[in-house]
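What follows is one chain in structure tokens, specifically the form predicted alone.
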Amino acid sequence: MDVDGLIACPACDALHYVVDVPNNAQASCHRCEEVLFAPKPDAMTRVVMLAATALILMITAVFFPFLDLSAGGFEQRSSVLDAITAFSDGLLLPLSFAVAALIVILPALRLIAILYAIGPMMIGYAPARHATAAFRFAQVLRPWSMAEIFIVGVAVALVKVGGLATVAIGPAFWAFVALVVVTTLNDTVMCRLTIWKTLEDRSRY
């Protein structure tokens, strides 16, 4: 059996022969119906543009004001960077590292890895050196990029704080919301097996 022409379903591990799938069509697993290939025209361009947009939104979300709290004549404006450094003393230092890693560093590294792996192929060039490793790294980081969990946590906290203080939402909050939407769109547009196949085919040239 020629194993080079086989792929395993990521959901149930059923083996399939790799076939050419036309744009806007889908190839599904015969066992569990998991979508294996779903190529779309200009998909790489969309993935790169969405990843670049998400990276810009990430920078905006980290450094611009996130929330403005007012209570009893006192006003406190904070950013995501302030929230990370708030735990930087004493026993809470590991928490500071965890917050920075899960909501800023790992999502940013994943976006950079996607841009590095797919960017050159978007404009017709062969993949960059170690592009396969970069894309694999991006897939490993996907479950650990928790910007959307952070937004859910902030929304819950706002409901509880709203009765105690006046809360004004800053531009960084909306940047984070947009970041979650753009990242979700990026993951929806991206056909991972198609990218793997393209990386393999173009690496031969």
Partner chain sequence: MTARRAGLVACTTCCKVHHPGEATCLRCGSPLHSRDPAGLQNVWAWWIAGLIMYIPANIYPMLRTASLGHETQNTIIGGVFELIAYNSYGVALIVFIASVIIPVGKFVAIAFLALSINRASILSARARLHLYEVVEFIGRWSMLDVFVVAILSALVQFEFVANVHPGIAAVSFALSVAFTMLSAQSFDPRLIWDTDEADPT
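Residue numbers count along the first chain shown, from 1. What you see is a predicted model, and the numbers here were worked out from it, not measured in a lab. Only the largest set of C-alpha atoms that superpose within 1.5 Å between the two forms is called the rigid core.
We do not show the form predicted in complex with the partner chain, though everything after this point is about it.
Though the partner is left out of this view, residue 46 does not reach within 4.5 Å of the partner chain in the predicted bound form, counting heavy atoms only. Not displayed here, the partner chain is kept clear of residue 171 by more than 4.5 Å at the level of heavy atoms in the predicted bound form. When contacts are judged by a 4.5 Å heavy atom cut-off, residue 33 counts as touching the partner chain in the predicted bound form.
At the 4.5 Å threshold, heavy atoms of residue 144 reach the partner chain in the predicted bound form. Site annotation in the predicted bound form: the residue of 67, 38, 50, 62 reaching within 4.5 Å of the partner chain with a heavy atom is 67. In summary, among the residues 122, 86, 105, 128, the only one with a non-hydrogen atom within 4.5 Å of the partner chain in the predicted bound form is 86. Residues are counted as partner-facing when one of their heavy atoms sits within 4.5 Å of the partner chain in the predicted bound form; in 123 to 156 these are 132, 136, 139, 142, 143, 144, 145, 146, 148, 149, 150, 152, 153, 154, 156, in sequence order. Once both forms are overlaid on the rigid core, the distance between the two CA positions of residue 12 between the shown form and the other one is 2 angstroms or more.
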